[in-house]
Every structure is written in C-alpha cells, then in structure tokens.
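So this first bit is one chain, no partners, the form predicted alone, shown in structure tokens.
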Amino acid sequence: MTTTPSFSPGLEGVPIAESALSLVEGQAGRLSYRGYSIEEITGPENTFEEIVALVYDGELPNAARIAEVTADLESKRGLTPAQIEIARLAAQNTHPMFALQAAAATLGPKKNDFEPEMETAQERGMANIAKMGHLVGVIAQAYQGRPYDGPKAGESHSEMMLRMITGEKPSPLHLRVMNALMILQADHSAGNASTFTSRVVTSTKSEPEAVLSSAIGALSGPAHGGANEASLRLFESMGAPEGAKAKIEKMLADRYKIPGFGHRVYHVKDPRSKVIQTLAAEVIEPGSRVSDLYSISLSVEDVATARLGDRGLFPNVDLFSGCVFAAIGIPTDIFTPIFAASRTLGWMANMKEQWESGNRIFRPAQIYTGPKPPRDYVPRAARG
C-alpha cells in the first residue's frame, strides 16, 4: 500500500541537517556560535578573523591562532586581473548582488570534480571567504564609478572591505562596528534559505565556488538578505520622523508587510537586532539624517510590535541594520553584498560539515496534484 507523505510548506519543522556550528533558539530569542552567545562575541575586542577561527575550530582562539587566521585570509584574498575586470563590468550593468553572484563563479577552477579533493574543503573555504571580501570592495567601487583600489598590506578583512567600499580609511569606531556586523551575519543555522542552498549544492559534489554562487542567489531575495535594503528605503520614503507613526499605522491597516519585521524562527525580538541597537547608540550621530532614519525605525518597532507582537512578530536583524550600515558610510545597494561576504563563512563551514557528514544528496519527495495518469494521448490533428 502506497502512503502519501505529509506536506510541510517551506519545509517548516523538517530537520535538514545535523550541525554543531550555530544554534538558533526561536522561543528564547538566542543565537550562539559553537555555544557562545552572539552578544558575547560581538564586543569591542572581537574581530571577524577571531570568529572565523571559532567557527572552523570549535573553540575560542588564542592570540597566535587569530594572527594565523588573519595572515591566512590576507594571503588568500588576491584576485586575478580578469576576475577584477569581470566583477567591475558586471557591477556597471546590474545590481551588486547579481554582479557578486557572477563574480563568485569566476573564482572556480577550470576543472569540475571536487570529490577527490574534499579534504581541502576548509582551505578552499578560507580562500573564498578572503576573496569575497575583496570582490565586494571591487563591485562597490565600480558601482559608484570609482577606479579600482585594492587591498593594502596589513589590513584586516573588515578594514579592507570598509576602506574599499567607502574610499576612506575607517576610524577605530567604524572598524569596530564593521567587525560586529560581519560577525552578526556570519551564520544562522543550516535551515535558513541560503545556507540550506549551500548544503543542497554541496550534496551534488559541486565545487566550492558553485556552492558559493548559488548561496548568493538565495540570499539576494527581499525575503532573505535583501530585507535590510528594503527597510532603509521604507524609512527614507517616510520623510520626517514626526509623521512616521501615522504612516506606519496606515500601512499596517492596509496589510502592508513591513520589511525587517517578523521571522520564521524567532517569536520574540531577534537577538541580533538587540546587538545592532547597541551599535546604533555608539555610531549614529545625533542630528544626522541617519539619526532621523533610526528614529523612524524605532517608531516602526513601537507601532508594529503593539499591533503584531501578540502574533509572535517582532523586529529581526534587518529592521535596524540598514541604519548602522548607513552610519559607517555604506551605500544602500551594498548592504546585502556585505551580508554575503559575512555569510560566506557560514556557507563554507556548512559545506565542510556536509562533506564530513557523508554527504547524501538531497532528494526530497513531492506530492503530485496534477491529472491522474495515464491520460489518452490525442494526436495534434485531432485536437480542437
């Protein structure tokens, strides 16, 4: 007897992997990497390189290990002239996320047979992490019509990215904020859309750069990584903060979905948004336009929480992150590429973990709802 499998829209509640990398606790509103809370590993002393070591090694690194990872990323970040040219041409003709997806694919080798080299998954992953930061800088420069100005010796990963994107050497405060933003977005369990995509593509034994490019495509959607851009544009459309409350109330009455509000897993306030609000208090200058936008975001939080909180809908990471990105000089269209550069760590670590799990190819079932076969075929001449 054939049984029909139960259908779970969006794979809701269906485990797709076992992972020791990060844990999202939706009801409690907690996120941890390797058991360490996101609040504790985004402090002033923490760098992106430190978290790369933590995610790959499973333990907090000492100073020597952090220095080793820092040097490794710096040594691997180089791009060929052709890769730089392709990234710049793409950035001049399409959205930065599409340019980044195309450019990421050019990082791949001329062969397409990764299985014999699976023991190099971490080395290849580290190279992709390093090169993605460089590519985001290349694309940001071309998108803004600026000439190429590549990495400089001795720059950390976040410092290189921030200088290339903004054209200015970052202040210690802006660098501290950039590191925290990169850490916050580095991983979020195997179940989010882009990381699940990375697992699926890994399971086909694809090259790491194919895994990377496909995950970028998943992240680009406004229901995933693109929500931070949408949030800031919404705030910009509202004008002065004084009139924001009434506009938000009307939008909610019209059933408008607020970008950056609500999350499939968190049913309390996203812990990442709490960290970002701490960063906002440090970096947003009072009286600035970004300060006005942040005031609007707080109005959105107040009104939307009052209306939707009883349904388990609260701010997620994207509601406030755009304001903090803007405060350190990041153009709106570059928000999601930075997210991609950060999440490359999670994608590549998940790729390695997927290989180490035995790497069974993903092949979920479907429930067929079409006409019952076999149907009688009608020759073309006999069709009315």
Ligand SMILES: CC(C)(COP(=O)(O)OP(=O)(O)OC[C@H]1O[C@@H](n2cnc3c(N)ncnc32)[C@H](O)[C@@H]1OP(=O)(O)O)[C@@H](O)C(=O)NCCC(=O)NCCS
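Treat the numbers as computed from the prediction; the structure is a model and nothing was measured. Quick note: we count residues from 1 along the sequence shown, nothing fancier.
One more form of this protein exists, namely the form predicted in complex with the named molecule; it is left out here, but the text below deals with it.
**Student:** Since the partner isn't included here, can you check whether the named molecule sits close to all of 110, 216 and 217 in the predicted bound form (heavy atom within 4.5 Å for each)?
**Tutor:** Zero of three within 4.5 Å in the predicted bound form.
**Student:** Counting any non-hydrogen atom inside 4.5 Å, which residue from 316, 70, 42, 354 sits next to the named molecule in the predicted bound form?
**Tutor:** If I apply the 4.5 Å criterion carefully, the residue I get is 316.
**Student:** Which of these residues, 227, 162, 104, 181, gets a heavy atom within 4.5 Å of the named molecule in the predicted bound form?
**Tutor:** Looking at the other structure, the residue within range turns out to be 227.
**Student:** Could you tell me which of 219-227, 83-91, 114-122, 273-281 sits within 4.5 Å of the named molecule in the predicted bound form, going by non-hydrogen atoms?
**Tutor:** Only one stretch qualifies here: 219-227.
**Student:** Does the named molecule get within 4.5 angstroms of any non-hydrogen atom of residue 303 in the predicted bound form?
**Tutor:** Output for residue 303 is no: heavy atoms all beyond 4.5 Å of the named molecule.
**Student:** At 4.5 Å between heavy atoms, is residue 130 in contact with the named molecule in the predicted bound form?
**Tutor:** No, residue 130 sits far enough from the named molecule in the predicted bound form that none of its heavy atoms falls within 4.5 Å.
**Student:** Quick one: is residue 257 in contact with the named molecule in the predicted bound form, heavy atoms, 4.5 Å cut-off?
**Tutor:** Residue 257: yes, in contact with the named molecule in the predicted bound form.
**Student:** Any chance residue 261 has a heavy atom within 4.5 Å of the named molecule in the predicted bound form?
**Tutor:** Result yes; residue 261 sits at the interface with the named molecule in the predicted bound form.
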